[in-house]
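Read on for two forms of one protein chain; each stands alone as structure tokens, with the labels structure 1 and structure 2.
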Structure 1
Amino acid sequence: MTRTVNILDLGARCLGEKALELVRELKRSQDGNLPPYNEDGIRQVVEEMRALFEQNQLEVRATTDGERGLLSGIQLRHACLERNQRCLLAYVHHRMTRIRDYRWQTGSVLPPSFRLSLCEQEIQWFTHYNRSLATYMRSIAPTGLDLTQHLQPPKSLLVEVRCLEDYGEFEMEDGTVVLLHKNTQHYLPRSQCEPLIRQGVLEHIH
């Protein structure tokens, strides 16, 4: 006869709690910051899922051999497996969406502070996405088209901005050089200063 293992023997915490904590972790970071990839949390959830699956395999075989009273435990573990899977997929998908949005908002280079929050696979995904986006934008017109310049329809060609740091010389497309010192204000072409606005060098004066 197969010994039935209490599904709570996997740990003192409730089943699925670690997977739910991954989702809560992302919810707490809705201020724009991406928390570091929780490799340890992912590993614990996967280990829990493996234990649930292996126990279900044992009890399914025992049920097939005629043992009774195991079906409710099998169904509960299966529900826990599906719930953990949904939480893991939500965690990965949400992070990929935030990384993708970061590319559109700040540009093709990951700053060190943001890069430290990513795992190696996420950095590789960002690199491939960046390459695909660049290839597509070059193919739109004979000279290419930067789709990331105007995330919102512009109301004017020039925009008043304030410099938030000592940036130094900023050369515009016509060759004009503007010195960007902290707290100075300028009227600049929107299409050329938007990348600096997204990077936090400049702020739009409304």
Structure 2
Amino acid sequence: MTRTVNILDLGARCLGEKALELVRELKRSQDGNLPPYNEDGIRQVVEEMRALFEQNQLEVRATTDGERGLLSGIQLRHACLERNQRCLLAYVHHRMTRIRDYRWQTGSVLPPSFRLSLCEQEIQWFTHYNRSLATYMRSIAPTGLDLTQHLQPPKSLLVEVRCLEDYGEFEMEDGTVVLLHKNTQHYLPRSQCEPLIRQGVLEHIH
């Protein structure tokens, strides 16, 4: 038995407003962290959609039975349904893109702080994505090529870096050991500095 919900019971609000709020929430958080998966909001939007759909069903049946003057209502509700659908899809898709970018920029390990913002399915999706990416990277070259290392083509072999904190000794691939003392400037191979730059120990000087 489907339960008919009167639209007005949802509190006198505009149709589609809840969906728009979901989208706005994501837009606001673009510079910061990913907000947690808004299950509540999604549930409300789905409820709204169901209510509209049921109403539409009723009216369509009534029209085929011969009643007039309901078509515009049906069209309006249909437009609302489509809009809600678009908003929901945008929400889910944007989150998916963010999670994917996270993998490319940071790594395959999810820290607990990030994990909290994801829902169960998103975490599963993340693991699947990791697996596919790893399989692909392994297949390109015999030893496996880490594509996530160099996201921009490097301009030079060596890069000038400044040491921001005392790190101690740093051994490089060819054996030379560099002492990373605070406030010293070095010119070192890019590939070996990148992890330290990402950690914040070294600062890239242009």
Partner chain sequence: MVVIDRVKEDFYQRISSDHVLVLVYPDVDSLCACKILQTLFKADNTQYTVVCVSGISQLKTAFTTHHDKVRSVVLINCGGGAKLIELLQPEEHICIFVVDSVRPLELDNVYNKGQVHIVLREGEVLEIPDFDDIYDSDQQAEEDGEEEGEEFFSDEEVEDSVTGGKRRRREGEASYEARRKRHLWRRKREEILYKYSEFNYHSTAASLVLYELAWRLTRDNNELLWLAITGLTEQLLHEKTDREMYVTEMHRMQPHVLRLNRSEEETVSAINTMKINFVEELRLDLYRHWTIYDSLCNSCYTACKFKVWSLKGHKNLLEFLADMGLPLVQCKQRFSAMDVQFRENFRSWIDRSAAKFGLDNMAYGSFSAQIGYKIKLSAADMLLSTTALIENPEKSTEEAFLQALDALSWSNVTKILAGIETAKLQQAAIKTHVRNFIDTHQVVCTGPFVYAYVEEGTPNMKYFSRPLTLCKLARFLREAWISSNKRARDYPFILSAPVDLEKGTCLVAGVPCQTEETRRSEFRKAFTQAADRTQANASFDCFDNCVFEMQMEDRGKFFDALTALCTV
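For residue numbers, the reference is structure 1: its sequence is counted from 1. What we label the rigid core is the largest C-alpha set whose atoms superpose within 1.5 Å from one form to the other. Values in this document were obtained by computation on a predicted structure and should not be read as measured data.
**Student:** Structure 1 or 2, which would you say is the form predicted alone?
**Tutor:** Answer is structure 1, the other one does not fit.
**Student:** Is it true that S139 shifts between the two structures by 2 Å or more at the Cα, once the core is aligned?
**Tutor:** Moves: no, less than 2 Å.
**Student:** Could you tell me whether the Cα atom of V23 shifts by at least 2 Å between the two structures after core superposition?
**Tutor:** Not so; V23 is displaced by less than 2 Å.
**Student:** Checking V178 here: with the core superposed, does its CA move 2 Å or more between the two structures?
**Tutor:** Comparing forms between the two structures, the V178 CA shifts at least 2 Å.
**Student:** Core superposed first, then measure: what is the displacement of the CA of Y187 between the two structures, in Å?
**Tutor:** A shift of 6.2 Å at the C-alpha.
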